[in-house]
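Below you will find one chain, with nothing else, as structure tokens; this is the form predicted on its own, and questions on how it binds or moves follow later.
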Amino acid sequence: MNAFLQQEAVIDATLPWLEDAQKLGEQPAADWVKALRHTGAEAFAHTGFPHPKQEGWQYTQLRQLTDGDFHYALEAPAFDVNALPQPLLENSARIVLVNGKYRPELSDAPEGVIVMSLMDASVQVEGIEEHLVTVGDLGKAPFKALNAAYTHDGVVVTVKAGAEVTQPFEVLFYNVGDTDKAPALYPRCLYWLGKNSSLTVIERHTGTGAYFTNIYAGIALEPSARLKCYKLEEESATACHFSYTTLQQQKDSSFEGFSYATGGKLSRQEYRNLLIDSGISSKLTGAYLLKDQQCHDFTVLTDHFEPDGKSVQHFKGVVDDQARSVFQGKIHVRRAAQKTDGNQLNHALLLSEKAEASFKPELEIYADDVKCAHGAASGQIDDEALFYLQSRGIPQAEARSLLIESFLNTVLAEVSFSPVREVYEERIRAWLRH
């Protein structure tokens, strides 16, 4: 097939995914929103969905998504408010998004935090487009381009300079699927922390039925801002979850992120962490538990621009049945980023002969005074350790669970906020019981 025919085939395949975007043309929006939609649609129309021969997509098959019939809807879905899960922590504030749309009547933000819908913020918050518009790489990021084409739903969370928000803050993304007409959801969100402010966010993704959610999140940390962001990806068993997060950190800011992933039939979480000044700490860790025929992909780029930065990428996971895990991590150290300390590690525990784990760890270093390391490995439960526990009277199933919990505990120790760590621990025990 020649290049022209190939391009025609791509456009024919992408048009069904862009048809619903035309509905947004009649909706009022800021000029930058309209421009972003146009640019995103144009980029996705020419690239289409990535294929296995494309860099970064060798291990993640998209057939479970592309064979689906998903449609965007402007109207809010009908759902039972009583079906919303209870907050994870008793003392936390919470805002709620249903199918990507902010629901203020179900939300209550903590003191010092301002929450607005994306479309309200787009015309009321000055400078917001700087953190929500990243168009330079849309040709290499098809899912981000598709999200841009549908820019309409989402939420903006801002914290004033100097505000020390002590109350935990849960952001619930609750999705309602439909077997007859499965929804496609494209929320675009922003967490913007002012100078010397702090916030603890628990981002929770869950729902019922079949749906496709494709989220773009911007995180902007001004000088000396401190954010702890804990994610739970617990989508329904028939859902597809894709997220792209861009983190921009200014001087002396700190970020602690942890992602617990166990939901969805097909999931990919992509992070682009930009340490654009000196003295920055950026830690992104996580745990994944997969079974049946699930596929989950963590793809992380940490980019050091200036000196004295410290970054961590540390993930551990358990893969059972015919499930597949993917980890693609890269630490990029630019020439000016002397005295960088970067560490990357991924370990997978395979519980089945048909379970798979794929790794692609990378270091790209141009500075000469750095301390960087990376590693990846997969293995099975230690038979000798299992035998030892059984010889002490512990039943096999319980002994197996204890070894798996011990394997994951080292990455859970990265979570400094103990109430959330306890939530993760209970989730892991529940998964092991089933």
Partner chain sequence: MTMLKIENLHAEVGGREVLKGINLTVKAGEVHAVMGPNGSGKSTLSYVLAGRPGYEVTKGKVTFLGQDLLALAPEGRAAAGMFLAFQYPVEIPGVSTTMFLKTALNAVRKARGEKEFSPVDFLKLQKEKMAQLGMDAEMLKRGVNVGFSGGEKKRNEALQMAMLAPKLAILDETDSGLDIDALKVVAEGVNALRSKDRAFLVITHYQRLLKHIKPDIVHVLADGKIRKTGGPELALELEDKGYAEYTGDAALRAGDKSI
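Residue numbers count along the first chain shown, from 1. Keep in mind it's a predicted model, so treat the numbers as computed, not measured.
One more form of this protein, predicted in complex with the partner chain, exists but is not displayed; see below.
Residues of just one listed stretch (58-66, 45-53, 32-40, 403-411) have heavy atoms within 4.5 Å of the partner chain in the predicted complex: 403-411. None of the heavy atoms of residue 26 is located within 4.5 Å of the partner chain in the predicted complex. If you take 372-402 and check each residue for a heavy atom within 4.5 Å of the partner chain in the predicted complex, you get 384, 385, 387, 388, 389, 390, 391, 392, 393, 394, 395, 396, 398, 402, in sequence order.
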